[in-house]
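Here's a solo chain for you in structure tokens, the form predicted on its own.
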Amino acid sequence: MKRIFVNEEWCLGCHLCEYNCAFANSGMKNMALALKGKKIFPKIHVYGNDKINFAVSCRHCEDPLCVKACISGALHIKDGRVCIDKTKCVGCYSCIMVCPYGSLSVGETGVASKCELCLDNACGSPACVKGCPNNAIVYEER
């Protein structure tokens, strides 16, 4: 299965992946209208400092702890990727606490949020990869 990988040596720390992610998941066609003046809720997050930067997103583990920890059944595996049914999430954040990679976060509506590889939105492939100006983020099988 293809997954997102980040080469931190190439990451500029520009956060464009976060903006592209938030826009891709907004359901809108105009980035300025979707994001201008609003707090964004991306499903990928950039961390770092002056020396090194890196983006963190869901690794779609084969045996995911987040799915095991989900008390409501909102997290499930679909076609090899970990997905979330936001209508089932009760906001207990057990999944956020157990993820060893820190890839889940609280979304705009207060429920858990995570990367689903943009396969269920209009992009059809990860928007963070398309929006990375330095090609630090790749979507491939390894």
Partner chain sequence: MKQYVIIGNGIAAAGCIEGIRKTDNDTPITVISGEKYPVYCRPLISYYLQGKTALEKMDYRNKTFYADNGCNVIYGKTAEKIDPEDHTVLLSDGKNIPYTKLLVAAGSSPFVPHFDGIETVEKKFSFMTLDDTLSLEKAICKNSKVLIIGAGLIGLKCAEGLKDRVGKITVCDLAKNVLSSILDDDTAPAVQAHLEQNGIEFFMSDSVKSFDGNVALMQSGKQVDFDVLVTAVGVRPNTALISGIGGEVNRGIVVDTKMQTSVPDIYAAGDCSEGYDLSVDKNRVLALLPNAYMGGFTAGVNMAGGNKEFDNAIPMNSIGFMEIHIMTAGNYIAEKDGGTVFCKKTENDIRKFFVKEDELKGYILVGNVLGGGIYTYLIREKIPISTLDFENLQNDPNFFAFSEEIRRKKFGGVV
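Residue numbers count along the first chain shown, from 1. Quick caveat: nothing in here was measured; it's all calculated off a predicted structure.
Heads up, the form predicted together with its partner chain isn't pictured, but that's what we're talking about next.
Heavy atom within 4.5 Å of its partner chain in the predicted bound form - residue from Cys83, Ala34, Ala69, Ile40: Here the answer is residue option Ala69.
Lys88 within 4.5 Å of its partner chain in the predicted bound form, heavy atoms: So Lys88 counts as contacting its partner chain.
Proximity of Ser26 to its partner chain in the predicted bound form, heavy atoms at 4.5 Å: Close contact is absent here: in the predicted bound form, Ser26 is far from its partner chain, nothing within 4.5 Å, heavy atoms only.
Residue contact check: Tyr139 to its partner chain in the predicted bound form, 4.5 Å heavy atom: Tyr139 lies outside the contact set for its partner chain.
In the predicted bound form, Glu108 touching its partner chain (heavy atom, 4.5 Å): No, no contact at 4.5 Å.
Partner contacts for 36 to 51, taking its partner chain in the predicted bound form and a 4.5 Å heavy atom cut-off: Sequence-ordered list: Tyr47, Gly48, Asn49.
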